[in-house]
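This document starts with one chain, in the form predicted on its own, laid out as structure tokens.
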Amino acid sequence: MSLPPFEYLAPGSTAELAGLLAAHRERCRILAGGTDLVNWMAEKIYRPDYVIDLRKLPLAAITYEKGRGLTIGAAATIESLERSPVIREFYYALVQAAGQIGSPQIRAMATIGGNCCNASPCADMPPPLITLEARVALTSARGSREVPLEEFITGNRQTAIAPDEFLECVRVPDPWPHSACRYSPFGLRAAQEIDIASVAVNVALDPATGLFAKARIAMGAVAPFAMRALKAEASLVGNAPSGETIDQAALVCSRECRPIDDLRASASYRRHIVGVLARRMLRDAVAAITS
């Protein structure tokens, strides 16, 4: 593998990182896990003058505090998410998504920040994060700001990050009361596959009435970015978690998505798969709440 020439930089603090980004802007690329960046540089898609390595920075922690929610450092590996007891207990859809990414070797290197910043329509982490109301913290020498993940990813390989900013962490609020979240992708192979479609759901039931109190559904690989199924969400809230209600929401999901025809699947097949996955994930989430 041959890479174009570049200068390697390894800042020792986030302040130093912010300074380097302010100085070099579009001429640099951040190296977190490198599972995508190195390949893109080898293919000459990217030719940065500077590569900035995050490994010396304290950006890999995963912490949870009741009332404040979950904070995942941008350099936290996908493997660490998959193995985290607190994520498994409170945010199970993230465990399901992490387990679908690449191979064990890739999961040991790839990071949540990279998966979000690469902004692939087929990425596994954004759909469940969006249903969990995740926000990304963006930092630069100018200061910090938070952006909802569904607004951060603006298109295929496009985000709202400025050239002098870096993604510091992902923040996820406390789970809704009486809720459950689930995620499932679908591909042509069982592993190391680019998804044909994926669906994440996060639903809460009213303990007094048993009706859907809240619902968020996100679909991946069927639009230029992970998209909310807003009409399907609305069809759930206030209704009983019956088979009929779930079937109707799944049908609405298949109508809301915006898939394309390509070598991996037709648009009509993707719509069908979205409906199947939505129905399955909603049933699984309801069962987790009521069991």
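Residue indices: 1-based, along the sequence shown. Just so you know, these numbers come straight off a predicted model, no measurement behind them.
This protein has a second form, the form predicted in complex with a small molecule, left out of what is shown; the following refers to that one.
Visitor: In terms of non-hydrogen atoms within 4.5 angstroms, which of the given stretches 199 to 207, 88 to 96, 140 to 148, 161 to 169 touches the small molecule in the model of the complex?
Guide: So the stretch in question is 161 to 169.
Visitor: Please run the contact check for Thr131 against the small molecule in the model of the complex: heavy atoms, 4.5 angstroms, yes or no?
Guide: Looking in the model of the complex, residue contacts with the small molecule do not include Thr131, since no heavy atom lies within 4.5 Å.
Visitor: With a 4.5 Å heavy atom cut-off, would you call Thr35 a contact of the small molecule in the model of the complex?
Guide: Yes, Thr35 lies within 4.5 Å of the small molecule in the model of the complex.
Visitor: Look up in the model of the complex whether Gln100 has a non-hydrogen atom within 4.5 angstroms of the small molecule, and give yes or no.
Guide: Yes.
Visitor: Is Arg27 a contact residue for the small molecule in the model of the complex, using a 4.5 Å heavy atom cut-off?
Guide: Arg27: no, not in contact with the small molecule in the model of the complex.
Visitor: Looking at Ala213, Ala180, Leu81, Cys117 here, can you tell me which has any non-hydrogen atom within 4.5 angstroms of the small molecule in the model of the complex?
Guide: By the 4.5 Å heavy-atom cutoff, the listed residue in contact is Cys117.
Visitor: Between Leu31, Ala265, Met227, Val252, only one gets a heavy atom within 4.5 angstroms of the small molecule in the model of the complex; which residue is that?
Guide: That would be Leu31.
Visitor: For the small molecule, considered in the model of the complex: do all three of Leu54, Ala74 and Ala110 come within 4.5 Å of it, counting heavy atoms only?
Guide: Yes, each of Leu54, Ala74 and Ala110 comes within 4.5 Å of the small molecule in the model of the complex.
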